[in-house]
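Below you will find one chain, with nothing else, as structure tokens; this is the form predicted alone, and questions on how it binds or moves follow later.
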Amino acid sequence: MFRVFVFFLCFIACVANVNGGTTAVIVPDTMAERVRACTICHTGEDKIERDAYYPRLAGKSQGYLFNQLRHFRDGRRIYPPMAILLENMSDEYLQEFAQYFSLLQLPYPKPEQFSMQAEEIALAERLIYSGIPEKDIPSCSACHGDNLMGIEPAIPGLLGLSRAYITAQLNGWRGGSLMRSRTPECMYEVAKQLSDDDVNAIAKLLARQPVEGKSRPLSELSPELRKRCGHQILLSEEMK
């Protein structure tokens, strides 16, 4: 798909040269050029500001990015524009994309600034770092790592994302629109128990945090959560 995209750009440049007498534009065949269709929405070298509705790809772990690309291509994760872009790409090519973005080191935008009431902060900190055992709600950090930077290659980091994006994702899980298979998803089971106040508090506090540290290895996920999220973990381990 992206090779076709680069070829199309070259073709247009040649036509412009023939018809208008202008100098032909030569588009280099590099990964930076091939991923321009990605960076229209996602963070790239020419787009480093925080986006409200699209997650940052730069610096995310290669394993996680590769798994998500395969999920979109194979219909485990539903978003038609991504499915169309990826439908004819091989695993090897998706690995190249994942590696490119994982090695792309760009500055993170500054944390968002929100005023929060003391009770909001307390609620968010409880949900993020302690969970609510009586409701069988694990803490965010139990799954996403003690530094909230994710578990390689199955679970994404939560920092460096906008409040709007985090809110939309949590509400998507709550309503079931982000379920990717017939097997119950961990996030659906957790998120459906969250209230509007819970979601708003979590999103605000996460968006206010600076980005520090790296993703953790899968071995750091507790046996209990590995069992609870066995379906997703198994899919991730199969894709290594």
Partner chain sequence: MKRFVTFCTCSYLIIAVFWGSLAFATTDMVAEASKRSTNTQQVELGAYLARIGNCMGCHTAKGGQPFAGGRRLATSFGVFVTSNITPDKNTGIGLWSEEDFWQTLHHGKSRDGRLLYPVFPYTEYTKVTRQDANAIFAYLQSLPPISQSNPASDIAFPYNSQILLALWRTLFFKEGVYEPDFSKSETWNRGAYLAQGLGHCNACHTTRNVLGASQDDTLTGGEIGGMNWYAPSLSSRLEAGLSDWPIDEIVALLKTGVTERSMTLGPMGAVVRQSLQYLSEKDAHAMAIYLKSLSDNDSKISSGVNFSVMTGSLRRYLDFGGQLYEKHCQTCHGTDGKGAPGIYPALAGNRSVTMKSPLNTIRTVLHGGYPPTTQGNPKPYGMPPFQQILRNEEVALIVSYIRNTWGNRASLVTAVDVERSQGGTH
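Positions refer to the first chain, counted from 1. We call the rigid core whatever largest set of C-alpha positions still superposes within 1.5 Å between the two forms. All of these numbers come straight from a predicted model, not from anything done at the bench.
Another form exists, predicted in complex with the partner chain; not displayed. Remarks below refer to it.
With the partner left out here, if you bring back the partner chain in the model of the complex, are R34, N88 and Y93 all within 4.5 Å of it by some heavy atom? Heavy-atom distance to the partner chain in the model of the complex: all three under 4.5 Å.
Given that the partner chain is not shown alongside this chain, does R77 nevertheless sit within 4.5 Å of it in the model of the complex, heavy atom to heavy atom? Because no heavy atom of R77 falls inside 4.5 Å of the partner chain in the model of the complex, the answer is no.
Flag A83 as yes or no: does it have a non-hydrogen atom within 4.5 angstroms of any non-hydrogen atom of the partner chain in the model of the complex? Heavy-atom contact with the partner chain at 4.5 Å: present for A83.
Given that the partner chain is not shown alongside this chain, does P210 nevertheless sit within 4.5 Å of it in the model of the complex, heavy atom to heavy atom? P210: no, not in contact with the partner chain in the model of the complex.
P28 near the partner chain in the model of the complex, any heavy atom under 4.5 Å? Taking the distances in the model of the complex, the answer for P28 is yes, it comes within 4.5 Å of the partner chain.
Can you work out which of L194, C38, L57, C186 has a heavy atom no more than 4.5 Å from the partner chain in the model of the complex? Result of the distance check: C38.
Thinking of the partner chain in the model of the complex, which stretch from 186-194, 202-210, 167-175, 66-74 has heavy atoms inside 4.5 Å of it? So the stretch in question is 66-74.
Is any part of 135-159 within 4.5 angstroms of the partner chain in the model of the complex by a non-hydrogen atom, and which residues would that be? The stretch does not touch the partner at all.
Tell me whether L94 is among the residues that move between this form and the one not shown (Cα shift of 2 angstroms or more, core superposed). Yes; L94 is a residue whose C-alpha shifts (by 2 Å or more) between this form and the one not shown when the cores are overlaid.
After a rigid core superposition, would you say the CA of A201 moves by 2 angstroms or more between this form and the one not shown, or not? Result for A201: no, shift under 2 Å.
Verify the C-alpha shift of V190 between this form and the one not shown: is it 2 Å or more after superposing the core? Stays below the 2 Å threshold, so no.
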